[in-house]
Every structure is written in structure tokens, then in C-alpha cells.
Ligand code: A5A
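Form predicted alone, single chain, as C-alpha cells, below.
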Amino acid sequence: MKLDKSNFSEWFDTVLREAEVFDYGRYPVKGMGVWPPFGFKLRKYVLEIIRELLDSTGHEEVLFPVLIPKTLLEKESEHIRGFEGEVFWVTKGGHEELDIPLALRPTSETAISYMESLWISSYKQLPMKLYQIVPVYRYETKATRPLIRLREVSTFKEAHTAHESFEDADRQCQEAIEIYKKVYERLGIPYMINMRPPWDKFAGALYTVAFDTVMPDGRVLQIGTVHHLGQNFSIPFEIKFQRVDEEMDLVWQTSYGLSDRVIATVIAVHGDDRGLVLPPEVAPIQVVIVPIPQKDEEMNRKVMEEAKRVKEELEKNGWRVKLDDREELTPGSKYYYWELRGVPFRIEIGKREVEGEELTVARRDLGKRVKVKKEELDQKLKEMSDEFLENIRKKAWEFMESRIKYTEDLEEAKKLVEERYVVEMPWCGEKECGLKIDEEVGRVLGIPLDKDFRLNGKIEEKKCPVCGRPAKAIIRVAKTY
């Protein structure tokens, strides 16, 4: 099997299938897939990072039902308008028609707001910071893509928080942004942070901040969102609390989410023509040991003994290790098999390794072998893991930054977006001009929050390429998924 990442769509589908990450297209429901054991472990270790960062910042994990009554979903009018074309409805129970249709959870603002109205009564309970990691269901009518555009998003981390004031909710949005930055940094994923334009914010939010990244084909993928909900849900759900002065008030809320796309991005941005390249922290197998068969039976026995010794030593130190002792495969076939699955380190053990003081370690990120003293193996693997992450992170950031261009010319912007660049351009701030850019150039990602354009001179000195008026901001535009 030959892989060619320059044909990204085919490469991505092939790697997911052949590396046994996500079995998509064979389950008989469109837009839904299955996590085999290897992919499920990758998912598990990514979720461990997310849980750790949320738990350490005072978030508490909960679990809500998958079904939401239509009456709850309709409570916030803008919210239901934003989702009504994507909802799966359950209308029958057995042979009976249901009195109230039930929605398969598209997101949980309404369900959690309803319960918060029963739970919250005092300022002493605030801030309340909850999260759950659950499947969500959206009737996606566009072409579905594994892990990127699904009808069942099986890994949806949604956080929901309640606060005493607008300002405290605003601070929570900033905390969420910092949490997400740490998630992506630990996975080596590059990101842009963009304030979505008002016409593209989450339905029911005051504002939406999104994390975006550039995929290998130049299209931009949204990989996380943070929403300040204001009191748009606490008003219809009457989520009231008693303030310090004993007056009653309504809470202010936020919500923020990550999905399967985080895992899709790990695969897409780091992989190469040999398959996956997985950050050591989340690799289902961190080290594979490949014994090199010997003609001499006694030496062959010693090779296997040394391989087992190394495996036991590494496992005692907490490494996830696989000893590939399959006799039917050659060492070369095993190398190919584990490179496809992105195992960060491969230890090759033959006669020289048995008789000498060093082991041969192959690094997946560099595609080269190094010699490591046996007594230093654990420490050297830890050092190489840090180098590995930094190496793939640096490559990924360099690629993304190479795909971002600035222009003040509308025709050049169109050309660059067609060539799959992210374009940064001046904007007067008027919705009319923003929608025209959306229609004629590419999707408006929003105003960058990760870059200070004041360093390039005053924004007011630049002109909106649509209307010619002074610019009020810089916006990013791109082809998206």
C-alpha cells in the first residue's frame, strides 16, 4: 500500500482505515463510524489531557440524558432557529406516538440550563463549572467526512458554566481559551484564535471565539469554540440566584466545546507518507520492540530474552510497550506495520544489542536510528519524547504560518483563497461588506485574537477593499470544511 499525503482526502481515509483508528463508511448509518481498539485508546489518551486540564481548573464532570424534549429545545428562540435543521427527532416509543417529540442531543445548553434552574439558588454556588464528554447528533446535510463532519459526533466535550456577572463569565471565556491552548500545545497542534463575526456566532451567544487550524489541503478546520451566552438562556429558564445583598438576579453563562476534530487534527497535521506520527503522550503504543531473528538457535533465544527484559523494564517505568514476536512477519514488515500506526519509538534487538551495552532506537518523527546505553534507556526515551513533541509541533506551526498571507486587494484575496491560503485583510466592520467577502472571497473566520496588527501601523490607515472606508479591524478569510 502506497500513501501520498499530497492527496490529503484519500490519504486521510486510508490511514484511518489501515491504521485501525476509525472504521468509517461500513457501519450501515450514514455519517457514523466505529472506534476500533487502537483508535479508542488514542481517543482515551487525548481525553485524559482534556479531563486533567478541566479538573485542575475547578470543572466538575457530569452526565446528562441524550434525549431533550422539544419544549426545552425551543425555550431559547435563537438557539432553536440555529439548530432546527440539524435535529434528529424521536417521535415514537414502540408503537405509540410520543406526546412531545424528543431531540437527540445536538448540544446541551437547554438541558443543562433547565437543571441549573433547579440547582442554583445562591451566589455561594457560583461559579458553577460543569462539563461532560458525550455523543451529540446533528443531521449533517453536507458531504460527511470521518471525524471531520459527522452525524454522530462521538467525542464531544462540552463545558457549561454559570456566573454572578457578565465580567466573571467573560473571565471564564478567557480561562477556556487558555485551557484549549494547553490542550493543543500538548498535542503539537497549531491554531489561530478568531472572534467569529456576529452573523456566524453560536446560536444564542453574545459572542463566539473559535480555534481554527489549516489542514494539509489548505482548508481551514474549526477545532474548538468558546461562547459567552450572556443571559440568553438564564432568562427563559429563570436561573435565579440570591446575591450577597440578598437581591435576586439571573446568572450569566458560558459554554465551550471540543470534538472528534481534535483527534482528526492530530492525525492530519503530523502524519506523513508512511502513516501516523503520534505525539508520545497520546500514542496507544509508545514503544514497540522488534527482535531480529538469528540463524543460531541459542542466540535467537538470547535475543528474545533481552527483548522481554527490556519490555518489563520499560513497563515498570510506565511506558506503553508492545513486543512484536510474530514469527510470520519479517522485521521490515513489522517496521512498516508500526510506522503506519505512528508508534513514536522502535527498539531493534539483535545479536549486537545482546552482546553490547547499547540498544538501537528508531524515532518515528525523524526516521532515523540512534544508539542508547541500556542503563539510560528510560531517561533517554523521556528526553526524546520531549524532543519528538517539539519537533512535530515546530513543523506543524511552520506549515500553518506558511499558509497565511496578508493583502489589501480584493482580487488578490480571491486568488489566494482559491490557492488555499488563509487571507488576512482590512475590514470596515460593516456586516454588508463582511457578507460580500463571505460570498465572493471565502468564509470569514473572524477577527484574529492571536495577533496584534497594531504593530503594522494603525488599522484606521488601511481601507476596506469592498467599500473603501477606513478599516476597523483585520479579518481572516479562507476555504473551510
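If you're wondering where the values come from, they're calculated on a predicted model, not measured in any experiment. Residue numbers here begin at 1 and follow the sequence given.
A second form of this protein, the form predicted in complex with this ligand, is not displayed here; the remarks below concern that form.
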query: Heavy atom of Gly188 within 4.5 Å of this ligand in the predicted complex; finding: no
query: 4.5 Å heavy atom contact, Glu140 to this ligand in the predicted complex; finding: yes
query: Close approach of Gly350 to this ligand in the predicted complex, 4.5 Å, heavy atom; finding: no
query: Exercise: Val370 in contact with this ligand in the predicted complex, heavy atom 4.5 Å; finding: no
query: Options 243-251, 299-307, 219-227, 362-370; stretch whose heavy atom lies within 4.5 Å of this ligand in the predicted complex; finding: 219-227
query: The single option of Tyr131, Phe388, Phe156, Trp319 touching this ligand in the predicted complex, heavy atom within 4.5 Å; finding: Phe156
query: In the predicted complex, the one of Leu104, Ile292, Ile148, Met115 near this ligand [non-hydrogen atom within 4.5 angstroms]; finding: Ile148
query: Residues in 233-257 with any heavy atom within 4.5 Å of this ligand in the predicted complex; finding: Ser255, Tyr256, Gly257
